[in-house]
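Shown next as C-alpha cells: one chain only, the form predicted alone.
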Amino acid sequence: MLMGELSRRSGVPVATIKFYLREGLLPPGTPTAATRASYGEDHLRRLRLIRALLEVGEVSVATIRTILAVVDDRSVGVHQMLGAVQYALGPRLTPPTDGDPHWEAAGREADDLISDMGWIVAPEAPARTLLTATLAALRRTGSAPSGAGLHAYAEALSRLAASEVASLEPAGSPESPAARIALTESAVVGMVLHERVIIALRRLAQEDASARRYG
C-alpha cells in the first residue's frame, strides 16, 4: 500500500508517518519510484503500536524508540520484552533520602507481601516503588490497610494478572515479528486501560456498598 492508504487505514496523518520514519520509529517502505515507497501490514501494526504507546500509555518518543528496539531484538525473550514495556510505562518515583520511617516500614511491608505471594519481581520494578510510596502515604494518614486486607487485594489481582497475560498469547509463534508487536500492543492497552476498568469497578462497588449500609 502507498503512504496515503497506510494513513487512512491507521488513522495516522501522513505528516506524522513521515515524522516516525525520520525518527526511526517506523522502518522504511519498499521503494517503488524515486519518491515513492510501498508499505505492508507490518507497518500498519507498528503504527498501531506507536499510537497505543503515545495515546494510551502517554509514553515519550524517546522511550518508544527504546521499547521498539527491544521489540525488534529477537534475542530478547517475550518476558523481557513485556517487562521493558511495563517499566517504560512507569511511574518513576524517587525514594526519599532522609530515612523516612513511614517509607522504610512501607518498603518492608511491600517486600514481605511480594515474598509471601511468591511473585517474581525485580528489585528495581517501578510498581514495587509505587506500592511502597502509596503504603507510606497511607501510613502517614493512619489509613494503612491491614495485612489481611492487602493480601486479599494481592490474591485477587494475581489471579486477574495471570488471566490477562494468558490472553495476550497471539496466534502463531510469539517470537515472530508480527506476534511480538501484537503482544506489545495488547500489553500496553491492557496495562493502562484494564487498570482504569478496575478503578471504575471498585468505585461503583463502593458506591453500592455505601448506599446499602448508610443510604
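All residue numbers are counted from 1 along the displayed sequence. Take the two forms, find the largest set of C-alpha atoms that superpose within 1.5 Å, and that set is the rigid core. Everything numeric in this text was worked out from a predicted model, so none of it was measured.
One more form of this protein exists, namely the form predicted in complex with another copy of the chain; it is left out here, but the text below deals with it.
(request) Tell me, yes or no, whether A209 is in contact with another copy of the chain in the model of the complex, where a contact means a heavy atom of each within 4.5 Å. (result) Contact with another copy of the chain, yes.
(request) Determine whether any heavy atom of D42 comes within 4.5 Å of a heavy atom of another copy of the chain in the model of the complex, and answer yes or no. (result) D42: no contact with another copy of the chain in the model of the complex.
(request) Could you confirm whether A166 comes within 4.5 Å of another copy of the chain in the model of the complex, counting heavy atoms only? (result) It does: once another copy of the chain is placed as it appears in the model of the complex, A166 has a heavy atom within 4.5 Å of it.
(message) Quick check on R74: any heavy atom within 4.5 Å of another copy of the chain in the model of the complex?
(response) The answer is no: R74 has no heavy atom within 4.5 Å of another copy of the chain.
(request) Pull the contact list for 102 to 129: residues with a heavy atom within 4.5 Å of another copy of the chain in the model of the complex, in sequence order. (result) The stretch 102 to 129, when checked against another copy of the chain in the model of the complex, contributes L113, I114, G118, W119, I120, V121, A122, A125, A127, R128 at the 4.5 Å heavy-atom cut-off.
(message) Given a superposition on the rigid core, I'd like a yes or no on whether L54 shifts its C-alpha by 2 Å or more between the shown form and the other one.
(response) Yes; that C-alpha moves by at least 2 Å between the shown form and the other one.
(message) How about L44 - superposed on the rigid core, does its CA move between the shown form and the other one by 2 Å or more?
(response) Moves: yes, 2 Å or greater.
(message) So that I can tell if T63 moves, could you say whether its C-alpha shifts by at least 2 Å between the shown form and the other one after the core superposition?
(response) Yes.
(message) Closer or farther: the C-alpha atoms of L54 and I199 in the model of the complex, versus the form shown, with a change of 3 angstroms or more?
(response) Relative to this form, closer in the model of the complex.
(message) Just to spell it out: taking the C-alpha atom of W119 and the C-alpha atom of A182, is that distance smaller or larger in the model of the complex than in the structure shown here, given it changes by 3 Å or more?
(response) It is farther: in the model of the complex, the C-alpha atoms of W119 and A182 lie at least 3 Å more apart than they do here.
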